[in-house]
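Take a look at this single chain in structure tokens; it is the form predicted alone.
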């Protein structure tokens, strides 16, 4: 009998009145082709365990879905489980006593020993109690390239950001879009964050985001990042799509040369039948600084007065971290598993790159772990304004950036 089945059985026995075949509504914002395939693995596993996954997908990005989720929880209409990103997004709900304590699940399944990096479980822990089940590691610092675009032009596929920028004139001359970018604030913010790692470097990133050094944020090295972003926005000027997966599709269909996007883009390439290393190239850390941040997704379980719902919530929590589900889900999602003791022999070229970086310990905390949701929202709004307006200078954008971070200290 598998470990997760034993844990689930123990938890069901420990909760009087609990029974299998409990329906549990699960809300999330995974609606693209690759995401739907991945979440389908979670639903399939939960249904096979004896309970019933009621899918509550909310169309749009996390920025669209989170207010709806929070409103339901605070308004007395809680779902059974809900997705949030690792970090501070659900902290106020936990502090308000609206989230289920699942410390017993974590202890029964030895999460403290199997979850890696430990910061993922720490992000789920408030005052010594565990409130969420992390399911993956998602890193945003990737450059995705269409191999065919470069083959048709007759030049090598770029191996780093500088080569990508240098190739842009030839890409444009061939009638292609150099850089695909969706018109949403979080996408602009993600692209900027990836450039901060590639251009500014790891030490500068840590100094600003971990040590909160505002002099560094206002300094000349950070200005270089804004100048690079100003150059990048020119490359994305003809990208008119809205959603991130639409931008990814421009690369998949060879209409655009590249996209700065998280490793979840890999799921879209897979659904389209593209082969990593053959049809497309992925460059973690933009091919410059091969570090990945350990953001990602976790499921929280809103407090519920029904003991059967509570028992089902804990069974789902145990299931999400189980080895079998970790493998099935992350292979489809394009993300990395949150435990290192699973069989990933089926991993493709891109996932193996991420696993190698993770094994080296070349990791950084995700943005949601170092800044509040309010700061993240303001940074996203700034980046949209900056990327959409060719008239906004790098210096002006940097000044606003420093003001937002300073106010968030």
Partner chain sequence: MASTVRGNRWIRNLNSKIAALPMVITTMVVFVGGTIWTVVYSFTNSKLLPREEFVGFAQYERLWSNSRWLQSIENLAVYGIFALIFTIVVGFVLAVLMDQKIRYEDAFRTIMLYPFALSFIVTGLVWQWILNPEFGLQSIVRSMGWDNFVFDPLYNPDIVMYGLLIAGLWQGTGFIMCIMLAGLRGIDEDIWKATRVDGIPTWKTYIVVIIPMMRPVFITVLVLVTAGIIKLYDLVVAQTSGGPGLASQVPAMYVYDYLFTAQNLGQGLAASTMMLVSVLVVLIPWAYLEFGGKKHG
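Positions refer to the first chain, counted from 1. What you are looking at is a predicted structure, and each value in this text was computed from that prediction instead of being measured.
Beyond the structure shown, there is the form predicted together with the partner chain, which is absent from this document and is the topic of what follows.
242 is the sole member of 110, 159, 211, 242 with a non-hydrogen atom within 4.5 Å of the partner chain in the predicted bound form. Of the candidates 119, 183, 125, 147, 183 is the one whose heavy atoms come within 4.5 Å of the partner chain in the predicted bound form; the others do not. In the predicted bound form, residue 155 stays away from the partner chain, with no heavy atom inside 4.5 Å.
Although the partner is absent here, residue 173 lies well away from the partner chain in the predicted bound form, with no heavy atom inside 4.5 Å. Taking the partner from elsewhere, residue 25 is found to have every heavy atom lying beyond 4.5 Å of the partner chain in the predicted bound form. Shown alone here, residue 105 lies farther than 4.5 Å from the partner chain in the predicted bound form, counting heavy atoms only. Only one listed stretch (356-364, 373-381, 40-48, 25-33) carries heavy atoms within 4.5 Å of the partner chain in the predicted bound form, and that stretch is 373-381.
Here the marked residues 74, 96 and 400 all reach the partner chain in the predicted bound form, each with a heavy atom within 4.5 angstroms. Residues are counted as partner-facing when one of their heavy atoms sits within 4.5 Å of the partner chain in the predicted bound form; in 65-82 these are 67, 70, 74, in sequence order.
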